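First, one chain by itself in structure tokens, the form predicted on its own.
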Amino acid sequence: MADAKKPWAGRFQEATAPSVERFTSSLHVDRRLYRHDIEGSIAHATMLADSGIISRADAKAIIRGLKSIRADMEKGRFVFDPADEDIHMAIEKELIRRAGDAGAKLHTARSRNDQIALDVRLYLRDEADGLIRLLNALQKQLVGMAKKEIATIMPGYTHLQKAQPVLLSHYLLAFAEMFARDGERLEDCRKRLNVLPLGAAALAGTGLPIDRTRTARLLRFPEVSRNSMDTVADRDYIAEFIFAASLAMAHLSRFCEDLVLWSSEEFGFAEISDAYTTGSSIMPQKKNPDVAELIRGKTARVYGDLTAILTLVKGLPMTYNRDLQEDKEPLFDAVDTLHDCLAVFLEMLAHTRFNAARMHLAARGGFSTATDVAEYLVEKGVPFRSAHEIAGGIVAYCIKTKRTMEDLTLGEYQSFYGGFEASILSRIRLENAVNARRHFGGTAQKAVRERIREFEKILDKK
């Protein structure tokens, strides 16, 4: 005799094996979708009644039962049955127990295939909004720090070698730009996932006179999906979201990498608060940047989530396949990881202090104003390649004589090129070198202040 608890029991003559129940259950994963599942079911029941498919009385009983189930779940009073395959069946079974025959009418004109697509879209819509708020908060924090550090000069690096002097503010705004793009990607992804899938049913739609537009209005979806087969097969929005999360994690990881380096004695550029570091179980003197390192490490988890979802969908035939049950674990992991990393990074960064004196001293090394010497010569009419060679010769001379470019006299400069004037001695000062780059997007104080003001205007609207 078939197991009467299963919604497909009429077709089967044998009960589901206990091992299969355990193997196929996703309740331990998707139970977190209960709010979204109930929200979608309330809208669906309302639409069914509005369309005359079920009675108003049945709809009221269904909605009353769903709200009572939600209240019990929110208060931790709901007892989940491990025999229930997923959150949909757990709620429907309890609804039938509470609402009787009316509860058994809720699943009219829908399938778990379009139901789970709805739940995940509702879930991701909420989560994307929360992550966008965190990214906006991080940008505001970086802009505030940039204003505070507007006079701090540090060495800029390429290949991890000192390259040219830049403002610490310019560095901080570089990450503000990255996180702004991350927010924009999530906003763009949100537009594509904000489409109602309900009504696609199993894959072909339903012959009952449903009103998908009505359901869309109830659930605040601006669009309705256009192809029922694509609707139940589509997991693009999950892959796209995890890709956006992966890039955001990459940016956090790069920032954390710099903080790990900068907090070392060799750099000494930054001091992370004790509250966001840990010690060693054997070495009493250690102060380890573990939070930054963990964020850097957790980036690999999200990359793994992206690989998992792309691999999951790459060979599936149309339309829905049970493989898609495996899409939620990587999605939930990516959401949770990005959220937790953004939240703790915001705290850590707020308790990080920069050593302006150490940065300034470091910026003076490595002949970081050599490019300014070459550009000075270009202004004198010297072709850039010739100017580059002359400046390189000056650097080689300084290395040989163990001196800096600021130590050289005008006469020594003129020994390399007779057209040098006294102005070269001020041109190579760090402050002047930085502020010479005053064009849009440059590191001069003028350009950085302009970008700060632009950021403030944009973020004030969010």
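The first residue of the shown sequence is 1; numbering continues from there. For clarity, every value in this text was computed on a predicted model and none was experimentally measured.
We do not show the form predicted together with a small molecule, though everything after this point is about it.
- Stretch 86 to 94 is the contacting one of 273 to 281, 86 to 94, 291 to 299, 135 to 143, since its residues have non-hydrogen atoms within 4.5 Å of the small molecule in the model of the complex.
- Residue-level contacts in the model of the complex: of V260, L324, L349, A387, one residue has a heavy atom within 4.5 Å of the small molecule, and it is L324.
- Checked against the small molecule in the model of the complex, the candidates S228, N113, Q164, N194 yield a single residue with a heavy atom inside 4.5 Å, and that residue is N113.
- Of the heavy atoms in S26, some are within 4.5 Å of the small molecule in the model of the complex.
- Taking non-hydrogen atoms only, D30 approaches the small molecule to within 4.5 angstroms in the model of the complex.
- Proximity of Y320 to the small molecule in the model of the complex falls within the 4.5 Å heavy atom cutoff.
- In the model of the complex, none of the heavy atoms of R125 sits within 4.5 Å of a heavy atom of the small molecule.
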